[in-house]
Each structure stands twice: as structure tokens, then as C-alpha cells.
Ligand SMILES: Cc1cc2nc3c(=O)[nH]c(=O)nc-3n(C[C@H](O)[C@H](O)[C@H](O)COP(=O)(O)OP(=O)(O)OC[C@H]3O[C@@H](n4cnc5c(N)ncnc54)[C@H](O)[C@@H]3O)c2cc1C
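Before any questions on binding or motion, here is one chain by itself as C-alpha cells, the form predicted alone.
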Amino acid sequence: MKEIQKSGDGVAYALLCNNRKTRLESSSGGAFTVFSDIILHKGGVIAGAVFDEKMNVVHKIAKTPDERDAMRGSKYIQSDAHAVWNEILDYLENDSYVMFTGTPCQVDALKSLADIKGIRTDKLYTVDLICHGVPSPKINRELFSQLSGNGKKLVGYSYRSKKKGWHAHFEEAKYEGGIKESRRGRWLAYSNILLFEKYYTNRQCCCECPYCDTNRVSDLTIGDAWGIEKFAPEIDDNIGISLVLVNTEKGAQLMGRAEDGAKIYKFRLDDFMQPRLNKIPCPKPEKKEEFWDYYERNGYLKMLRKYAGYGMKGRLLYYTKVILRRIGVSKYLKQILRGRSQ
């Protein structure tokens, strides 16, 4: 790639890691691994989110590819990064390269902390995520608690398993002994993601997020290149493609070196615009207070039945919709219903 252009020039990139196994183990196209490999080869360290021994999501420091690999995959919970702030600053003071990956607000917090303490950030590379809001850690703990019953010990979790490909949403629980479990329909995990998609479980501050813009706080921004199947289907093999926005000169330098480990395609930024890049934070549901009140009074499972269709009734409705869609009836029903509402 002769010239790396920034998102401010109206440019975005699609990235596919050359290593197929890496792409399969990543949520998108493996951009995080490609960029972090460059920093590790410089003798630097990576700060990213992992599950700890209690299945909490926390930020840790990785010095090797194996340690870094645990950071792959989207985790739909904002990690606790407090434990690594000072560690990162120590590495920077010792003139080490550091790559930090997190939500935009975490990136901003780290840069502000370094500025307050007067620590140079020449060797700090920041990568933020296109964030769709931070779900409640309490609800996530409820999910993990339910999945850990009947003597099974949960040791890992994939919020974006590619068991059925990049375009299909599958979540996968990983248990001690190498046992894995994933289902669709109105499984617990599927119900949890519905709550997230309806914005019931997001933190209040996410409804007023100041980072929903193409003017990013990081050197690079990564996410899914959703929509690429429409205007560049020859690239989409359903294994995953990363969207990359280049925001700074340091980001451009890192992106320039990524060609050794990935295929990179240049597109118009407008091709990938989405609400979280277009100054539109996640909305606040009208019944959000009612949702939390019901949950506190009735518990997790009853809340899922009421708000996410968990249980037999929800399964019947789900599979009825699937069947109607597959036989081509659902679109006609939608047209009829739209006609009646006009």
C-alpha cells in the first residue's frame, strides 16, 4: 500500500488477516492480532481485555503471542482496567512500546492520565472499538451463573463464535474439560443479546456518549466491516472482515506495516457509516426503568421471559418466524401488515 489515508480524508479500510486460524478465532478479520504482532515484534507489550479466573472481564498486560491470544474476541462487557493503568505508565516511562485496546472512553482516560502525570506517549499506540454501548456486568454475571449450574465449571465464553460463520450470531460457553455448548433460538445467551440489542441493559452514560463520531480519540479504530457483502461480495468469505479507521500519523505508520500480515482494501468511509460513527449514541428505551424494576422484583429468568422471549413460548415464536422466512412467506406478511397500518 503506497499511501495510508486517514478517516478524516473520507477513507476506511477492510482488513483480512492472512492467517485463517487467527480470523476464525477473532470476532472480525483479525485486525487486533495483526497490529499487536507488530508491537510484540518491537519488544513491546499489549494491554487488552481477558477473562480472569472468576470470569470477570479485566485488562491485563501481554508480553507474548500466547498471552495476547486470550485477548481476542469481543467481550460485551466493559473491562475493569484500573489494575493496569500504572503498569502501562511504567512501561512508557521505561521507553517501551505499548498498544492499548479498549472502548473510546477507556482510551481517553489512559491518555488523560498520562498527560496529568507528565508521561510521554510517543511509544503508546491506542486502538479503540466501535462501541455499541456497555451492558450491565450484573446481568452478565447472572448469565454466567445460570450456565455454570449442574456441576459444570465455566472457564471461557465467546460472544461472537464463528461456528456458523461471521454473519450468524452464535454464542459459545466453554467448560472445564474442553466441553463447549452453543445453541440458537431462545437460549439464555440469545436472550441476553436481545436485551443488549434493545438497549435495556446498557449503562445510562452510553445514551449520552460523546465518542460516537469519526473524530476518534485513538490512533486506530476497529470494528466489523458490516455491509461489505453488498458492495464487495468477492471479498466476503463469511470468516470475518475488520473495518479499520486510521486517525493519526502513528495509526498510519502501524497500518502501513500491517500489509505484511493481512490483505487490506481501501474504501470510502461513507460505505461503512453507522449510528455509532454518525454522532448517534445508543437510544434509551422508554420502558428502561420499568425493565429494571421488574428484574429487581422478579429475578433474572422471569425478566428474560417477559422482555426477551425466553422459554417455550419464545422458542415457538422464534422458530415460526424462521420457518416463515425460509419458505418466503414472512416478507409478504410484512407487506400486508404495513398496508394495514397506513
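What you see is a predicted model; the values in this text were computed from it and never measured. Don't overthink the numbering: it's just position in the shown sequence, from 1.
The following text describes the form predicted together with this ligand, which does not appear among the structures shown.
Handout entry: 4.5 angstroms heavy atom contact with this ligand in the predicted bound form for T126
Key = T126: no contact with this ligand in the predicted bound form.
Handout entry: Close approach of D224 to this ligand in the predicted bound form, 4.5 Å, heavy atom
Key = Output for D224 is yes: heavy atoms within 4.5 Å of this ligand.
Exercise for the section: Find out whether any non-hydrogen atom of I193 is located within 4.5 angstroms of this ligand in the predicted bound form, and reply yes or no. Expected result: No, I193 sits far enough from this ligand in the predicted bound form that none of its heavy atoms falls within 4.5 Å.
Problem - Contact test in the predicted bound form: A49 vs this ligand, heavy atoms, 4.5 Å - result: A49: yes, in contact with this ligand in the predicted bound form.
Practice task
Tell me the stretch among 260-268, 112-120, 129-137, 82-90 that has any heavy atom within 4.5 angstroms of this ligand in the predicted bound form.
Solution key: So the stretch in question is 129-137.
Exercise for the section: Note which of Y175, Y76, F170, F144 lies within 4.5 Å of this ligand in the predicted bound form, where distance is taken over heavy atoms; exactly one does. Expected result: In short, Y76.
Exercise for the section: Go through I228, M71, L154, V98 and name the one with a heavy atom inside 4.5 Å of this ligand in the predicted bound form. Expected result: Contact with this ligand in the predicted bound form is made by M71 alone.
Problem - G30, Q106 and R276 each touching this ligand in the predicted bound form (heavy atom, 4.5 Å) - result: Yes: G30, Q106 and R276 each sit within 4.5 Å of this ligand in the predicted bound form.
Practice task
Note that this ligand is not shown here; using its position in the predicted bound form, name the residues of 49-67 with a heavy atom within 4.5 Å of it, in sequence order.
Solution key: Heavy-atom contacts within 4.5 Å come from A49, V57, H59.
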